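Below sits a lone chain in structure tokens, taken as the form predicted alone.
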């Protein structure tokens, strides 16, 4: 499978470049290497939540039962999005401790990611409460669509409205990345590698869901 081969190529390359190729930032020092893991994880969480919302829309719009498999897709993508959001929060906390002396400062970005995690945690609670109910899929899909529409507000708007300790002036005050060419290339490779990893894991989870569904059908027969 092509994506599997690409993951096996890009992920080791990204790790090697992060620690051996990219130079340490002049001000941030060796802690700047967290950038090549924290940013891709944050990017994947946003992408995964967006994919789950789109899959949920396809599921709800399906009138001829052609996209019933989308229920597994939107659930699995939301799961991966939540996991990577947690990992992005954890890596960001390590950065905060190293740079600001505290793991948690209730910075606007930290606050917004907590709210986002609460929104998606509520989705899993809702889906668990609807176990065995006929409307489970449609209600879950509707919730994810609402969550997807709220996500850009917490990811892109709130952190830029209020003063933040987050190093945006270093990274993107004018929508440009002010990094050395080696650091830009490493960050790009890392984002590509983690994106490929997301699609790889999503495909694995979808396969497992199909196997589980097939086993359940045989069991009921």
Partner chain sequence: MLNAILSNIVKDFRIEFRRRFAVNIALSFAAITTLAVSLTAGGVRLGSQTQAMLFWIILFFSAMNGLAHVFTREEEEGTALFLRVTSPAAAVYTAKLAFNIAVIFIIAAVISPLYVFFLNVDLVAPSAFAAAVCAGSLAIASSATVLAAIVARAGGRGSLFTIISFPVVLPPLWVAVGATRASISGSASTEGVIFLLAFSGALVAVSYMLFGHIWIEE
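Numbering follows the first chain given and starts at 1. Just so it is clear, the structure is predicted and the values come from calculations on it, not from any experiment. Whichever C-alpha set is largest while still superposing within 1.5 Å between the two forms counts as the rigid core.
Missing here is the form predicted in complex with the partner chain; even so, the following discussion is about that form.
Interface residue among 42, 34, 191, 158, judged by heavy atoms within 4.5 Å of the partner chain in the predicted bound form: 158. Between the partner chain and the residues 96, 87, 113, 119, the one pair within 4.5 Å by heavy atoms in the predicted bound form involves 119. Of the heavy atoms in residue 69, none are within 4.5 Å of the partner chain in the predicted bound form. Taking the partner from the other structure, the partner chain in the predicted bound form has no heavy atom within 4.5 Å of any heavy atom of residue 83. At the 4.5 Å threshold, heavy atoms of residue 60 reach the partner chain in the predicted bound form. Residues of 144-158 placing a heavy atom within 4.5 Å of the partner chain in the predicted bound form, in sequence order: 145, 146, 147, 149, 150, 153, 154, 156, 157, 158.
Residue 75: CA moves less than 2 Å between the shown form and the other one after rigid-core fitting.
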